[in-house]
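Only one chain is given next, in structure tokens, and it is the form predicted on its own.
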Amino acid sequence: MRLPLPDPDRPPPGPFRHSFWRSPLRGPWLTSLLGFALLIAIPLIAITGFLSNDAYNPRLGGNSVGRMLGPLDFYLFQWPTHPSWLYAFTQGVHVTIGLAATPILLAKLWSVIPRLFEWPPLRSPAHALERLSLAFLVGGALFEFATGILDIQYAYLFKFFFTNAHYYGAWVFSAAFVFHAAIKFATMRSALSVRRGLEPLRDNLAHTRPEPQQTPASDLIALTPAAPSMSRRALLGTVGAGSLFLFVQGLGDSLGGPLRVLSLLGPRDRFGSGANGFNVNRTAAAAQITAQEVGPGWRLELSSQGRSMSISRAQLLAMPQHTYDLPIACVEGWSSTQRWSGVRVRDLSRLMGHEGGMIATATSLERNGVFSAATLAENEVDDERTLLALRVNGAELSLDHGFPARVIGPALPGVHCTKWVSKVKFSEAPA
């Protein structure tokens, strides 16, 4: 039985009919203004996100990204250790701008929702290609923003591995965004220039009218508009206030210090006081670390190319101690700078007979975590500020902060600052 082709002149009832959409606020100008804001925000989010993925050094055995390298995993440079706050900055920008852009994205999707119900859905091969890119754009945007926000809140409602899905989803979304921006840029510029930039914001509620039709006609402008319940100025003001609130949340978390009190929604911001009174991502209880494992019998196992050595904590404390102010920064966007003291990782490498050119894999006592080991790149091992930390802010590490020893270093992602370290293995850096 042959199905009838859709009649372009007789759309189904409901949202497929132009008369269904009655808001007088929708139109090319509003959509273009919101699009212009996203044209600034999304490249910042994408670039800093890809840079932060590079900081993981996933070429070193996966290294906390949980995947084998594929065709989309390419790197133009080795992640530097200077400045020490580099990862905190890139990931802070990624999360803070991402949060601030969320209300703008939702308003943009609301402004163009009639186009998701175009009839007929496909008019030509070119139209089909545009519709496909739109599906990837909208789907990718919702997926990336939703999973990112859930990750910030540690709400893993999804059953897939976040890092992988977010990374590959970013490639899909970024490609669709570039394609869409390229074909719509001229339309956006024309819509903003025709109405003289921000001039429509002068209209109050009493003077709010649908945008005048231009040539070609826009299907975003309502055929039978309802009376406005708010002005465009009020709409954009509400969106702006929401963006500013979320921007402050991200800023307080990423900068830390006195500004952290502004981060009312930060899930890791209630951490007590004292020398160890700063963010804890994963507690010892959650990692199932027992007192016996970190007690007097704890030993650090060093290994390299058939050699091995066992060192007690007392022996580590007897080695030259070094102190640096370094940030610990997490993928969720928060960072916190503390004063760390301990043994240089490169001194441990020299203890094993190496003078440089080595990578180091630190393994945790934690056995039920996703990231129980992380590998430091050659430049990270050689940097004098990369420590096996034994103390913080002049006090012993607390159990939650990784006692008896943890890794800390400049520009390291937090997930590479392995806590409850039990083993460090040195290997030759890959060519």
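On a predicted model such as this, the values are computed, not experimentally measured, just so you know. Residue numbers here begin at 1 and follow the sequence given.
Form predicted in complex with ligand HEM: not shown, discussed below.
Residue contact with ligand HEM in the predicted bound form: Lys108 places no heavy atom within 4.5 Å of it.
Ligand HEM in the predicted bound form comes within 4.5 Å of a heavy atom belonging to Phe145. In the predicted bound form, no heavy atom of Ala329 sits within 4.5 Å of ligand HEM. Contact check for Glu130: no non-hydrogen atom falls within 4.5 Å of ligand HEM in the predicted bound form. Interface residue among Gly252, Gly92, Gly98, Gly342, judged by heavy atoms within 4.5 Å of ligand HEM in the predicted bound form: Gly98. Contact with ligand HEM in the predicted bound form, defined as a heavy atom within 4.5 Å, holds for exactly one of Ala241, Ile113, Leu317, Ile149, namely Ile149. Residues within 4.5 angstroms of ligand HEM in the predicted bound form, judged by any non-hydrogen atom, belong to 158 to 166 and to none of the other stretches in 158 to 166, 216 to 224, 203 to 211, 343 to 351. The candidate spot formed by Ser32, Gly35 and Ala181 lies out of contact with ligand HEM in the predicted bound form, as no residue has a heavy atom within 4.5 Å of it. Along 231 to 262, not one residue places a heavy atom within 4.5 Å of ligand HEM in the predicted bound form.
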